[in-house]
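Have a look below at one chain only, the form predicted on its own, in structure tokens format.
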Amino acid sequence: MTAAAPRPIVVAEEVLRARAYLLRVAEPSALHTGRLVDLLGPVAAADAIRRGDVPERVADETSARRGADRVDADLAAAADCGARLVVPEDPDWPQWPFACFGLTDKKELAPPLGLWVRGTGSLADLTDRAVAMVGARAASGYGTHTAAELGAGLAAAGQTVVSGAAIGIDGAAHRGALAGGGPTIAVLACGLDRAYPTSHAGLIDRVARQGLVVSEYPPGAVPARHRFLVRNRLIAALSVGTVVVEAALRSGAQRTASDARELGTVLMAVPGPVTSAASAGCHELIRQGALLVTRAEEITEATGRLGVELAREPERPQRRTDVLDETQARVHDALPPRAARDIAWLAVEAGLEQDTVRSALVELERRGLAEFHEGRWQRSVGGGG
């Protein structure tokens, strides 16, 4: 792991140390501890927790670890792996994205007390136009290809791709963004001094060099099932919208989608084959109102500047007959492909006056859609549209 470039200190050391202590003693998401911090400030709240002089609900969240004061060790371990602590008092804190936490009172959707961040990018800047992309770990080839293509397309549009660095859709989304030359953010469910999954150690290093790796868990914290579920709220909150590429009916991606909906961000889903269990969750989300997306442009349109970043209409197959008006089309339909017919016959077949048919035939001949043979007309070879 390479060390991050030094950043100017803009937060009082006592505040930074208090936040580091709180992240160690309060298992996320600690709603009541966060409310105490909002009421007293981080320094006074940390002192009260150390003394055990806190309301019962805060004690429930902190009493088991309040004696685990490892601030110096945590800050040193973070520095050793090139990480730093970003806190709400820091200008680099994603104030605007995290405002969505104010839209819900759900206990499990409390904002973080701070974030350990690895990488030289600005967390506030990279989350300004970020899109989360999540999905199945046991992803299909269709799913990983789609996630990589979408990630690359979003990167090309200047958007940051946020995901969880897991095997499957997450990894494909990060790789797509990296290949597209754009930033990406990996949100981990363990300390930043650990690479999880271990097979993605190289990928996580690349993410840190081109974007950021983020966690609310202190150095040394090990991954656990409940931490992945809690981590998912951060993936949703750091983003303007969340795209589910592949998801079974019951999956972690479904939890992230639920968090995104609760937090009021844009929820999108990519359809898959109707026979695919891996896409059944996406189809359910679409039926429940999630926006169906198939291209990066559609995601950018849904999450970008209103009325500006609009998706281009996809190119559609063109027929030679598309340019014909209604009368010309009726005459063309009446033309036989083999045996030529006179104008009187064509007029009856098309249900039009003979003069109208003559005028239409002139235009059809000009376009190479009709041929004249000894006073009779027929459809040109290859002129069927």
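Keep in mind that this is a model prediction, so the values were computed, not measured. In case it trips you up, residue 1 is the first one in the sequence shown, and so on.
Beyond what is shown, the protein has a form predicted together with a further copy of the same chain; the following relates to that form.
- This chain is displayed without a further copy of the same chain, yet in the predicted complex the stretch 275-283 from 120-128, 236-244, 204-212, 275-283 comes within 4.5 Å of it by heavy atoms.
- a further copy of the same chain is not shown here, and in the predicted complex it never comes within 4.5 Å of any heavy atom of G41.
- In the predicted complex, a further copy of the same chain sits within 4.5 Å of a heavy atom of P271.
- At a distance threshold of 4.5 angstroms between non-hydrogen atoms, R50 is out of contact with a further copy of the same chain in the predicted complex.
- Put simply, H32 is far from a further copy of the same chain in the predicted complex: not one heavy atom of it is within 4.5 Å.
- Though a further copy of the same chain is absent from this view, in the predicted complex it lies within 4.5 Å of a heavy atom of just one residue from L249, A73, I167, A79, which is L249.
- Contact with a further copy of the same chain in the predicted complex, defined as a heavy atom within 4.5 Å, holds for exactly one of Y142, Y196, W93, F101, namely Y142.
- Scanning 337-363 for heavy atoms within 4.5 Å of a further copy of the same chain in the predicted complex gives A347, V348, E349, A350, G351, L352, E353 in sequence order.
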